[in-house]
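So this first bit is one chain, no partners, the form predicted on its own, shown in structure tokens.
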């Protein structure tokens, strides 16, 4: 297989067994993930990085959570009105990503496109772990997931996230505050506790999943410059 590949192409790596019939498919594109909590500036950086890559002549595809045509609407309905358990919600999110990987991400990589994801399996694993699901079960569940070329984590203190949330929305998100977990009757305290637990999960995953941590407390411009420099260095070294 390797001898038959076009220049610059490679076989994909998966965290587990992957998707059997796609394991030996040669791809030429690159897969970059930007992780971080709500308020970390993650989506802003995805947009800025995409613009930079496109201006440099690269074809870019954006993706993220709840973007599968098959599952996304069901997840939104479940979060808005249907009281589902943590494991059921995690399975729905897993189906959303599996569908995107098979029908959206891998075809784009095969075509030589750079895929930039606004969150990936790591947010789902962190959220699920703090709600009581075991790490071993989660690692097995997400064994279908493609290994990205780069994973960035925008690390922001809970107090800064709280400030940004109120500055932008004048309110706190129910799930991003951990209100569904009943950790505190005070929403502010619940938010701080929940975000600290999520941050702990990411720190525990950082080495195992080769995450590149970036100080998200810095300005948008400073974060963007650091992130784009690292991506540019990586692409230039290929």
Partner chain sequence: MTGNPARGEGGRVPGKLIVVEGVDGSGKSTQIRLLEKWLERLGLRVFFTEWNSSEAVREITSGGKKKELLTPTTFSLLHATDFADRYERKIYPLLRANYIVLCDRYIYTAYARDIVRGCQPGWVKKVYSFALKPDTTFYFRVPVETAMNRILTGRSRLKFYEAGMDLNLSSDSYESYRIFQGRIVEQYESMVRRERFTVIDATQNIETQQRLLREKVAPMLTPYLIKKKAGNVEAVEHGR
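Numbering follows the first chain given and starts at 1. Note that the coordinates shown come from a computational prediction; the quantities given were computed from them, not determined experimentally.
The form predicted in complex with the partner chain exists for this protein as well; it is not shown, and the discussion that follows is about that form.
Among heavy atoms of residue 171, none comes within 4.5 Å of the partner chain in the model of the complex.
Among heavy atoms of residue 144, some come within 4.5 Å of the partner chain in the model of the complex. The partner chain in the model of the complex comes within 4.5 Å of a heavy atom belonging to residue 69.
Taking the partner from the other structure, the partner chain in the model of the complex has no heavy atom within 4.5 Å of any heavy atom of residue 104. With the partner omitted here, the residue from 160, 99, 155, 110 that has a non-hydrogen atom within 4.5 angstroms of the partner chain in the model of the complex is 99. Heavy atoms within 4.5 Å of the partner chain in the model of the complex map, among the stretches 160-168, 110-118, 147-155, 69-77, onto 69-77 alone. If you take 103-137 and check each residue for a heavy atom within 4.5 Å of the partner chain in the model of the complex, you get 103, 136, 137, in sequence order.
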